Structure formats: structure tokens, C-alpha cells
Ligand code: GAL
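Single chain ahead, by itself, as C-alpha cells, in the form predicted on its own.
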């Protein structure tokens, strides 16, 4: 696994570049991302290109054997372009333009901006596409950041109407699919369909869902246009895009089909602070990050493209969260090895030097603003030296797959039926339950090949189509379904046969009634063992001849089994989920390990990577590690705070 850094030569005097490159190489870095915010320096006036500074920057980095990841600068269209073509701006749901003054101020649907983005991408690729130092291209930067996927511009409206016409063919088909007879919402022509905003009360969920699908497709098209140019003019270079955490406004799996590497920007402390995780968890992992929050995203993006990596790794306090604590000593090193354990091809730290100006001046880097080393520089140096001794190891396929589709998340966003019912949190809690048992997990799309897995977990399978149901019926694996599976048609209606809709081919039960519950009203469940566990937020009453494996205090079934398919009628709390997973893995002869709350285990080839997210000492023996210190290629049997230990499996 290679290490790198994000660098902005345009921010610093040219006289400092050579020393910066020398210090990067001295730390052990070998990749440098540049360029993704540099449009105004590349093209200060329309058609006037100034390449000399970037030529020099690339040559300077190359002189120290640093490979370059070159970003297309389309996340930051310059002011002259906005003044020349104000129609490229995105528009918020209140009709206000997302104005110039920061970044990501463009609409994915704008034909004008599509043309401009292709023009600047082509210019960069023609200039640098054959340069030996350029090994990767990054398209744009963080698609959708700052809530910029959904745009309510005039061009978005026109493209949306075209998209609907292509999808439905006739307006009557659309009216039927959306149920527009309700509240006299019927349209006579596609030209009458507006964007879903500004209504008196709740919008038609089918309308809202299709707008999200359309908006995602605009991101896919925008990215594909750049990728096609880069592949044509710069063959042999890997193409990537840097996704984000806790962000689901477009289908990353579909964007990923056009990429060689799916990368993402990992900020463990910032994301934890902004997450809906309980307050006690935020306090416990304030300076270390949640043990499963980053790992979930590692495995999610691993499932989006042939390879994955981290384009931006948090090195210290950030500037954008409500609160911005500093990482504990050693934690940046631990995060680096966490990525290694999940199969990353590279980790880039963000950023090289902390900027003393503009919006991100409080965001730490590997260097302080005065160019002295920040704490993370030493940890990056240690990682580079250690990784050079580990050699190459591939992460193999896991025994367990967790299905996560973005479309399912949108179903739950549009009409959650319970305020706290968040599809991403459901998926992450299922993932965490598996990881605390020492299991590796592949997070995959429902379109992925599911053969070969022993256990397939589907926490949010809202609207499976017939083809997926057929594939699931042919699985040798055990399938675990959460509530709400098959509860909607693709056009957001309740199936005529009631939920779980087409999944009734696998599971002979019918959901007759559902209830959503406040967080303060947990449900007590009696398990097959006689133990009492808890469920939350959701409960379904079903009609079936199956006998429940577990039931609530009223006698309503909470867990059913039909052959190799298991179905939960409620959202399981940790104790409930743990007992289910232990039962299933034992039956499937999947080895589990009862990990301490703060310790995690990953496998990469024959290496076993153990991480301690605690501020206290821990033992690798709790993760199946050997007691003999000679068996370790890194660390030993005792894990100090933020400790990392790696051994070879026998």
C-alpha cells in the first residue's frame, strides 16, 4: 500500500516547491494529488491558458520520484465563467442560485457547464495525458458535497421532464406509476411536471424518488464525460473519483462502473461528530473515531470499483465539523493500518501544509503553517517505513456480504414513516454487529455476484426486482432480511400482494400491519434460548403459517425462518442482533471471535491486522493473536492505546 499527500503548489511560493517535494520523499510518500481546485490559475481568462506553473510543479515532484494524481478542476469554476454563463449555477429548493464564493457552484444538468467541463478536461489531458509522472486522474472533487446533487434550476427541470418521458413513455403510465389520481395530481403532459419542491405539504413520494434517481443519473453522466476524455487522451492511467463519508445522494456503484479505483475522503473524527451516533459513543471515541464508521466506508467503496483507496485521510483537527478535536497520539497511524487491513491500494493524507488563509485555515496538515512538522508527519513516516517491510498482500473475498443499494436509502429518506429510521444507520449497525464478531464483510450492491458467500445480510432491501429474487432463490448462502424488505414497488407503491412483495417466493409470510415507535419505547423480545433482548423503532405484524423463532411480549413474531432465508420484523438492538448472528454463523461453520468493544481484526492475505481504538491497553489474544512475540511482523501481543499489531496466519 502506497502513501501520499494532497498538495496545492499554487498556494505557496515556487521557491518552496523543491524543498516540499524533497521532504515528501524523505517521509516515504510516493503519491501526490494536485490540481483539483486550480482552474483560475490554469485559465485566468477565457481561452488564455497558463501552464508554466503546473509544468514546473509536476517536474519538481517527478524529480523526487513522486507520482502525480492530477485532478480535473471542475469543482471550482472561476468567476469569469460564472459571469459569462450564470445559468451554470445550481439552484436550491427555494429557487435561490448557489452563488460564487466557495466551491461546487454548478448544476450537473447544465449543458453549458457540461461543455465547459469537457473543454477544460480535454485541455488538461492534451497537455499532461502522456506525461510519465501522471499515473492517476481524479475527476472533479467530492461530487455532491455541500448538498449539491439536487438542483432545482430551469435546466434541471427540462432534463427531468426528458428523463421522465424516456422512463415512462406516456403521461398516463407516469400518472399510474405515481398514483397521481390521489389529491387530483394528474398531469396531461410531461411539460406540466415540475420539480418536487415548494408544495404545501408532503410531496408525492414517487415524484421525489424519481427526482433523486434522475439527479443521480446526472452525476453519472457528468463523470462519464470526463472519464471518456481521459481514457482517450491519457490511456494507461488509472481514473478515480474521491467519494465522501455519510453521503448517499447519488449511486456510487453506478459511478464506480466507470472508474479504475474508487477513492474516498476519510475523516474519522469529523464524521463521528456530525453523525447521529449516540452521545456516549461520541464521547468514548472522541479522539480515536468509531471502530466501524470508517471501516464500513472502506468496504462500501471497495465494492464500487475493482480497487479502492483513500484520497484524503484526516491528519489532525479539521475545520468543518461542529466540534474539531485532535486525534490521540498514534491514531493517524492506526487509521492508516485500518485502511491497509481493508485492502486499500493507497492512502493520501490531507493536506501537506496547513493553509494560513481562506476557508480551511483551521484544517491541520502534515506540516504546520510555519512548515514545521505537525504530529501526523512522524506517524506517516513510521507507516511508510513499516509498510515497506510488509510486502504485497491482497485482501480476499469475505465469507459475509452485506447488500447496500443507494436506491433503497432514497426510499427510506423520502418516506421514513419513523423519524429515526435511517437506511444508512441500519446498514452500519448490521455491519458493526458482524465486525464485533471478528468477521470481514464485503459491502456490495444487489447487482454484484453473490455466489460464494456463506451469509448474505440485507438490511434495506426495499424493492427487489424479479431478477434479484431469482438470484437470491438460487443462493447456497443463508439470507438474512431486515424489516421493510420488499415493501415497495419500484415506483413507490405498496405491492398488491403486500410486503415483502416478490420475496414471498422465498418466504411464505405477509406483512399485514406496521408500526413505527419512538426511541424511548423499545420492544422486549424472547429468544429461542429464553434470553430477553431488545428491538427498536419498527415492528411488523405478519400473517404466516411459520412458527416464529423469537417473539415480543404480545406474542407477535420477531424472527422467522423459511429454509435458508431469515426475516426480522423489527430493527434489532445489539444484543438481539448478536444472538441472531451467532446462531447463523455457528450453523454455517463461520468462525467468530468475541472481540472487545474497542478492538477490531482484519485479514489481508495471510496477514492478520489488529487495531486498538481504546485509550487503554488491550491484548491481541482477544482477537486470536499469538502469545509469542516472535510471531509478529509488527507490534506484539500487547496493544497499547492506538496500538497496531500484525501477524501471519499459520
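Residue numbers count along the first chain shown, from 1. Since we're looking at a predicted model, the values are computed, not measured.
Omitted from view is the form predicted in complex with ligand GAL, to which the following refers.
Contact check for residue 363: a heavy atom falls within 4.5 Å of ligand GAL in the predicted complex.
Taking non-hydrogen atoms only, residue 338 never approaches ligand GAL to within 4.5 angstroms in the predicted complex. At a distance threshold of 4.5 angstroms between non-hydrogen atoms, residue 240 is out of contact with ligand GAL in the predicted complex. Proximity of residue 98 to ligand GAL in the predicted complex falls outside the 4.5 Å heavy atom cutoff. Residue in contact with ligand GAL in the predicted complex (any heavy atom within 4.5 Å), chosen from 103, 287, 131, 213: 103. Of the candidates 248, 223, 141, 570, 141 is the one whose heavy atoms come within 4.5 Å of ligand GAL in the predicted complex; the others do not. Shown alone, this chain has one stretch from 561-569, 480-488, 312-320, 426-434 that lies within 4.5 Å of ligand GAL in the predicted complex by heavy atoms: 312-320.
Residues are counted as partner-facing when one of their heavy atoms sits within 4.5 Å of ligand GAL in the predicted complex; in 23-55 only 37 qualifies.
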